[in-house]
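The data below hold one chain only, encoded as structure tokens and taken in the form predicted on its own.
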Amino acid sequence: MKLHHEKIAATLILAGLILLSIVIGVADINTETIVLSRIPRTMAAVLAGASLAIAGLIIQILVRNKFVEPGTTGSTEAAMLGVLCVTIFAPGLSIILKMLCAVFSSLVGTIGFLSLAKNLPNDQPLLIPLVGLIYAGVIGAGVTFLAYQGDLLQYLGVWMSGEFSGILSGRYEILWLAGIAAIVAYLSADQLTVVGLGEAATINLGLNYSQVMMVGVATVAMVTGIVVVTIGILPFIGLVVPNVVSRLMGDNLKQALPRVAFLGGILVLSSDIIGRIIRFPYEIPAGTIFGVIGAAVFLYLLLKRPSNG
């Protein structure tokens, strides 16, 4: 009964936010505005938030650390590197090919971080995100250098802002691929949970450790690459949302994934709505809004001990 009430409440909240997002804006409301701009923008916020939250949960399971997300493992910076290289050397490529380059680059970057994390001691949980931040910082510095050399710092600023004002019909649809990746993660939830127990336990339970790891890593890379190409960077989503859900209901991945998706979509859409209201008719990027909120929430979760039981 409690689970049923939770689903109804989450659905009503999300539906209310979707309706609010559609009616808020500078332009007059008409059929063309709603179809070409408001609905695509709203769906992009929901899809980006849900998929990034799931990607954060998956990378936390794979690394067995609650303090990591795509933005602290080099995945996001590697995706930006891929997009930047395509922009410099092959600017005429289609958005799909740019997305594939970003996904491949993010995949390589994520595998590189996992290789580093594998050699770190598990009894020092803060060491892994610290190494991840350094690793991401090195890649990010390379991205900035290349952007400076190619006179593309302005594009880099756009990719780092995480905003939805440029989303129109025809420019967000690849985000549905991120949603498909999230569904694949849900179907593989039991295997990913076992992988989170470690390589030895996974092999003893009859699963192919490397194969399941690649499914998880590929999901994280695909989601990160797609979101960077279409939206930009949305910080803290993959870090805060899984931790909030974990505090409320534990670490059952299959039960947590739908809640993580709902909460991620709700928070990103709320951030986008707040960004449109605060300085109306101007906008503050959703990434900036949630960056402030997410940092505060994560510090609260970090400093507050969970109650027993």
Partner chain sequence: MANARLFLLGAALILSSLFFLFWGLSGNTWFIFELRSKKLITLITVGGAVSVATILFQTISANRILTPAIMGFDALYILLQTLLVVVIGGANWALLPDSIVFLLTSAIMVGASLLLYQFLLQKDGRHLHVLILVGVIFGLLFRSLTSFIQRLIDPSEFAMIQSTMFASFGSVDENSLIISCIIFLLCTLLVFKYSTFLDVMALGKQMAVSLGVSYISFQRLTLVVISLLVCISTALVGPITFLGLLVSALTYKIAGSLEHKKLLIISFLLGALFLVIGQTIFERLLRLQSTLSIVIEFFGGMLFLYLVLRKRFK
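Numbering follows the first chain given and starts at 1. From a predicted model like this one, the values you see are computed outputs, not experimental measurements.
Below, we turn to the form predicted together with its partner chain, even though it does not appear here.
- Message: So, L299 and its partner chain: in the model of the complex, are they within 4.5 Å at any heavy atom pair?
- Response: Output for L299 is yes: heavy atoms within 4.5 Å of its partner chain.
- Item | 4.5 Å heavy atom contact, L17 and its partner chain in the model of the complex | It does not: once its partner chain is placed as it appears in the model of the complex, L17 has no heavy atom within 4.5 Å of it.
- Query: Y172 near its partner chain in the model of the complex, any heavy atom under 4.5 Å?
  - Reply: No.
- Taking the shortest heavy atom distance, is Q149 within 4.5 Å of its partner chain in the model of the complex? Because a heavy atom of Q149 falls inside 4.5 Å of its partner chain in the model of the complex, the answer is yes.
- Query: What stretch, of 98 to 106, 214 to 222, 134 to 142, 173 to 181, brings heavy atoms to within 4.5 Å of its partner chain in the model of the complex?
  - Reply: That would be 134 to 142.
- Give, in sequence order, every residue of 265 to 281 that has a heavy atom within 4.5 Å of its partner chain in the model of the complex, or say none if there are no such residues. If the 4.5 Å heavy-atom criterion is applied to its partner chain in the model of the complex, 265 to 281 yields I278, R279.
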